[in-house]
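For reference, the chain that follows is the form predicted on its own, supplied as structure tokens.
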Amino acid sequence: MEQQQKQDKTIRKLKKQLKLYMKKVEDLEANARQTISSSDTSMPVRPVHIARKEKEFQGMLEFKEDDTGHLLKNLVVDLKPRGVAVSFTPGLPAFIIFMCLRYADSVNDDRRLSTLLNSTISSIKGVIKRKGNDFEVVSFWLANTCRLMHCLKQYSGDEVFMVHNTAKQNEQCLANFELTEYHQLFGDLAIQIYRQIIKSMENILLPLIIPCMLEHEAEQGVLGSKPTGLRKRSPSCPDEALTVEVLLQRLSFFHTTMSQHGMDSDIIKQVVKQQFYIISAVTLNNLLLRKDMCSWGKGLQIRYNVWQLDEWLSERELSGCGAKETLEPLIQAAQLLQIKKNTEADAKAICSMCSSLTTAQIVKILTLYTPVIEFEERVSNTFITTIKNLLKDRAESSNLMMDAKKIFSVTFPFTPSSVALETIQIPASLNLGFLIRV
């Protein structure tokens, strides 16, 4: 019994100690929580970056109808191509306009869509009218007009064009409107701009062609002396540095600019063909009017210059664009200046060789031909009569001069784009913050 009482006493004592220790632990925990709380309020919270889930864009740009004028002012009227061409995606204005067009189509708003299309055409026409002499501006809008025309076709839903698309691009085809009539309207606008680009190039090339192709005097030992009695005639252009290399530099500028603007390669080839035709026609016409240019040495110089032009084409893989063929009359005229002109056999060789020259042109060059050296004879009247008789049955134009203003008809083959509309970003410099990517 006494032992039981001792055990009970010990248990009561241990319970009291346990309660005491538990109270101390609770007090310590409370103090610790208070310390941590005060530390948290005094220390700054480390910023945490919250990543936004990537939104999948559909390749459209939302805009209000009232913003159409603002859009086209910033994107067409006030845009300076020189800065855009180098730093932006080629054809960017065309893609932006088309992405707006897709939005108007998606919300089934025919008025917003037609307003955008008609205002775009009017704005581009206005720029061409005001700045038609600026080659870079005209080139830029020819490239973008064609790109917009191609987009209208590529995303039309027509199976003929859809075969060139990716699956994603086919999902982005226009859903509510048929815009075939606008294909033709933008095609007509492209033709108008193409004619203007030819005119602007012609204005730049004309002052260079004669000095570079005919009048520049190369090394006398290579090309021979000037014709007898005509040594004091001065060139029409006072700048003695105008060589064929200057002309090639200008052609290179045209080609580089069009390429930077994203112009279709088929259109570039047609432009180059037209350039070479102008060079050939202007040079030949001048040759037919100037006795001082009709000599053996001048023929050699022309052939050298034509060879330089041919090399320029080859370096840019443009030999098959038809430009070389436009030089054929000029090549044959140069050969005519160098070939023998005495016997009937010579006459037959000339008639066979000069298939791209008319009888009037052949006779004119032979009549103007001036000996390089004193003891060389002029072309006899008998020889010229023989030429006329050999060519009397040839079916040809009677015109002496080439039509230097002739412009070849242009075509715009469909050229789809691989650019994914949903990946296109709008540079802040365009000031189009009111457009919303969708």
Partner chain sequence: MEFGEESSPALAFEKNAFELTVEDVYDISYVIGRDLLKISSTGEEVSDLQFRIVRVLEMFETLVNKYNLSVEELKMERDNLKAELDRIIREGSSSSGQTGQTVGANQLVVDLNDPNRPRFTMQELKEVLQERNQLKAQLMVAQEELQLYKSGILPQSEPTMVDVDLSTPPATEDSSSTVNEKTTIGKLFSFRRK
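Note that this is a predicted model, so its numbers are computed, not measured. Residue numbers count along the first chain shown, from 1.
Unshown form predicted in complex with its partner chain; subsequent notes refer to it.
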The one option of 249, 338, 176, 192 with any heavy atom within 4.5 Å of its partner chain in the model of the complex is 249
As a check of understanding, the residue in 310, 109, 136, 292 with any heavy atom within 4.5 Å of its partner chain in the model of the complex should be identified as 136
Would residue 126 show up as a contact with its partner chain in the model of the complex if we use heavy atoms at 4.5 Å? no
Residue 207: heavy atom within 4.5 Å of its partner chain in the model of the complex?
no
Taking 4.5 angstroms as the cut-off for heavy atoms, does residue 57 touch its partner chain in the model of the complex?
yes
Item checked: Residue contact check: residue 83 to its partner chain in the model of the complex, 4.5 Å heavy atom -> yes
Only one of 150 to 158, 281 to 289, 340 to 348, 253 to 261 sits within 4.5 Å of its partner chain in the model of the complex by heavy atom distance, namely 253 to 261
- Message: Whether 324, 379 and 385 jointly form a contact site for its partner chain in the model of the complex is the question; each needs a heavy atom within 4.5 Å.
- Response: no
Contact check, 87 to 109 vs its partner chain in the model of the complex, heavy atom within 4.5 Å, ordered by sequence, gives 87, 88, 90
